[in-house]
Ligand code: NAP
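Just the one chain here, laid out as structure tokens, in the form predicted alone.
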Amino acid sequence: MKIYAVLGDPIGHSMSPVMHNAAFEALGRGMSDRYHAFNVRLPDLRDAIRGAKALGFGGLNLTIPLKEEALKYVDPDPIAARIGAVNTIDFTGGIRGYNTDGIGALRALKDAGVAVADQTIMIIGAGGAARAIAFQFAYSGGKVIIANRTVDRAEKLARDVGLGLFELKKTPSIKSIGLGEVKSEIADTDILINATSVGMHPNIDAMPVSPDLLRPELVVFDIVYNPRCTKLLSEARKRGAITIDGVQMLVHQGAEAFFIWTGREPPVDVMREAVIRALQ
């Protein structure tokens, strides 16, 4: 029997157990493989990762606020190392760290028929998820703007992404701004992404930007998936914007993690339906 888990603080909101257990059951592994959620504080992360390895866990996912700290305790693959954050750990032959958030976000937009190349993409936030999305979208040819309350943190992220892509012989378009500059930049933005926890249950009335900044031709993507229709997405729909909810990214990043752990193609539709059913 293999145990898999997601670690975070808080963790009660996570849909990952529902999603992965549905996948295991669909592949006939529901009696042998199970996925759980554990609340782990930042100071305890090292012990938690090593403990999971010692106990024979098959793998881990990491969520807020553990993704960047985890880099210290794993052997990261080249992409995770350049991103500077880890959301997936595999214990085959060691403690290997990966980041599937960026590819999950990219596939979520692809499902909605939204291209990234040559589009101006404003990412609100500068944490672990924002790092992965900024790296992936800049790598894919997007013009990325990082907007964050703490400008120094946004500047550091822009520098890190630029350096990481330079090492891959890419010349990205990426810059950083404070939240006070969002109003002046958003008119030229094609895709707005909330990569923070603002609007997550139970603070469902919170929004990362003013609703007055939303407009019909804007694509609005919120990585928060609980609730599925956040206040940001609700306000964007009222104004005729194209909206993409966080379930899509959750499922696609989870599917990539599932493949890393098992080597099997994940049942993506089953995973998506399980999450939507649980959220309802």
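What you see is a predicted model, and the numbers here were worked out from it, not measured in a lab. Just count from 1 along the sequence shown to find any residue number.
Beyond the structure shown, there is the form predicted in complex with the named molecule, which is absent from this document and is the topic of what follows.
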property: The named molecule contact at residue 84 in the model of the complex, heavy atom, 4.5 Å; result: no
property: In the model of the complex, residue 153 touching the named molecule (heavy atom, 4.5 Å); result: yes
property: In the model of the complex, residue 128 touching the named molecule (heavy atom, 4.5 Å); result: yes
property: Residue 161: touches the named molecule in the model of the complex, heavy atom cutoff 4.5 angstroms; result: no
property: Residues 223, 249 and 253 all lining the named molecule in the model of the complex, heavy atom within 4.5 Å; result: yes
property: Location of the named molecule contact in the model of the complex, chosen stretch of 180-188, 75-83, 193-201, 136-144 [non-hydrogen atom, 4.5 Å]; result: 193-201
property: The unique member of 64, 48, 37, 241 whose heavy atoms fall within 4.5 Å of the named molecule in the model of the complex; result: 64
property: Stretch 96-123 - residues with a heavy atom within 4.5 Å of the named molecule in the model of the complex; result: 101
